[in-house]
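This document opens with one chain alone, in structure tokens, the form predicted alone.
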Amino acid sequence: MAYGYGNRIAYVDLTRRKVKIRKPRESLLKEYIGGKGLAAKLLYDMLPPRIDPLSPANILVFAVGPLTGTGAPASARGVIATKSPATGTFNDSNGGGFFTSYMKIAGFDAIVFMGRAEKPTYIYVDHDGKFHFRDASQYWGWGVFATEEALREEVGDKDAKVAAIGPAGENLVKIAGVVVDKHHIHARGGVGAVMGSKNLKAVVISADPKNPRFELADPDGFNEYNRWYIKEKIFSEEYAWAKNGGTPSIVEWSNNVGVFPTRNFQDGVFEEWEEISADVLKRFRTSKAACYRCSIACRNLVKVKDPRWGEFHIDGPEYETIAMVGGSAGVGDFKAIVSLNALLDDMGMDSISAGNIVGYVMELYEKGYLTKKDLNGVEAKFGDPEAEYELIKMMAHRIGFGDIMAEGVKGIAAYVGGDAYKFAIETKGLEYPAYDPRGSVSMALAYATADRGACHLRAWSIAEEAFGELDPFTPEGKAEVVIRLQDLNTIKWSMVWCDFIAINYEEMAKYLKLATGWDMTVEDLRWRGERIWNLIRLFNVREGFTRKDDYVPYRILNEPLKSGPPAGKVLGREKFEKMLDDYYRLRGWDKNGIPRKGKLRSLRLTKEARKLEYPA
């Protein structure tokens, strides 16, 4: 038995309505840790190359780690991983709340969903850890909020935790997510569309937190260290921003350095930013909240009431939603953003991609590429929240042009044609999040090399650059920063930690030893992070991804920003290509972005490469 783990992986065959529960090898857990790493290994081994992500051949992996549900700060996390229908890459989407902790408490390190159910189905895992296939036909078409309430009532457990999709997932919208606890969403890359393609409406778990089905190697030592860590670290000034304003504080930071996405990345400073800032959020905040046993408590519970929208009580909005649903669409109305956030959660859609898509459609409309007739009568003008509301509903239900929007920015650009690609802000088909790299050039490299397409969380290098001490406009030294953060975050999301915790390798090694008994060094963890990152790169290489796919969109590369510190500056191809060359060289990859054989040997990945007829 491996300490810190449930020592069970459930393989759920939706086609045959059968479940096999297997004990993972301790060596597998020790090599890949859990969460992102474990899910990556399962996907790499189980998926044949080039399968359709929305076919029954794809798998959907819910995975947790050795720290999930332990009470360590910021560890109420898990990942949902699959081959992305939005990008065709490996994709893992991280989320918090309570669901993943209850999955760990129930004794599961991973649940792998395979095949496709004959009809709409939900899975109920009862208090004994048994799986039940239940008919979800009556809930098909329902929003997430009503679905969650109804399923708790149906299983007879008001404390059961639910992961569900909304209409967006059912309609295979490629930016659909999986929503847990109503307002926490595994959002990016279309994991909800994969769940919908399997006719899987929801997963419901009942578990008893007082009787977790996992054991720690040194519970007394773990609790003692955890108490010290919370007192000395989490309750220090370092985390005051999270406890006070949370991520909405970044609205001001981003505007100050000129990277706040405004009207589809036409500018980096939004003139109405103060109307959607953390200070405004605080006026509507009813309380602070935390994920399962988390001592950071970054969540903002907000209530708004407006005659246009009605009354909403949500968990959020976070910075990315404010920036993309707000600034990128030119909307400076906080109440409107809250109502749009609630709509996106209920529909089960990624607010980052949704805001990016809406901003893109608004620019296409204002430049004459699209007409009111094309958009079902919607006048898609920047700054109009009612228009944004209608566009989101069209997208979630694939109504009219919403059917094209549901394919993402890259799909819209291909449909419209001409020069529309020049202001489609995406990489690998995944829409840009809320940091414009023209004001923080390392983010261009972070987006381009992220394993799932444009993602700020793989390496939030802006913290050390535009928000920190590094020159945000030079390419020098940026590859080292991005690589270091990618490898570190890979281990964080394997254990699984939240992005909000500034934990280092030494601290992670200490927590891991107390939880599992494994005596790993800093270098052991760093090596595993690099190994998992390279395994995922092999997955993407197998799917046909090379240097050509590690690109920056035309606007970001060629057009200058208008305001703030980056005003008049362009990223430029020369600067970007230098960073990319540096990145490949330091990674031990060839000039086409393919890991070299020597690097694979050092990471003990030659067997995986040979098994799949790796081309190097």
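The structure displayed is predicted, hence computed values, not measured ones. From 1 onward, residues are counted along the sequence shown.
One more form of this protein, predicted together with another copy of the chain, exists but is not displayed; see below.
Answer range among 231 to 239, 339 to 347, 413 to 421, 159 to 167 for contact with another copy of the chain, defined in the predicted complex as heavy atoms within 4.5 Å: The contacting stretch is 413 to 421.
Residue contact check: Pro48 to another copy of the chain in the predicted complex, 4.5 Å heavy atom: Taking the distances in the predicted complex, the answer for Pro48 is yes, it comes within 4.5 Å of another copy of the chain.
Another copy of the chain contact in the predicted complex: Asp52, any heavy atom under 4.5 Å: So Asp52 counts as contacting another copy of the chain.
Exercise: Arg585 in contact with another copy of the chain in the predicted complex, heavy atom 4.5 Å: No, no contact at 4.5 Å.
Met579, heavy atom within 4.5 angstroms of another copy of the chain in the predicted complex: Heavy-atom contact with another copy of the chain at 4.5 Å: absent for Met579.
Candidate spot Gly107, Gly453 and Thr521, all three touching another copy of the chain in the predicted complex (heavy atom, 4.5 Å): Not one of the three qualifies.
Among the candidates Gly143, Gly115, Gly129, Gly245, the residue which, in the predicted complex, approaches another copy of the chain to within 4.5 Å (heavy atoms): Of Gly143, Gly115, Gly129, Gly245, the residue with a heavy atom within 4.5 Å of another copy of the chain in the predicted complex is Gly115.
In the predicted complex, the one of Asp333, Asp403, Asp384, Asp267 near another copy of the chain [non-hydrogen atom within 4.5 angstroms]: After the contact test, the surviving option is Asp403.
Residues of stretch 460 to 486 in contact with another copy of the chain in the predicted complex (4.5 Å, non-hydrogen atom): Residues within 4.5 Å: none in this stretch.
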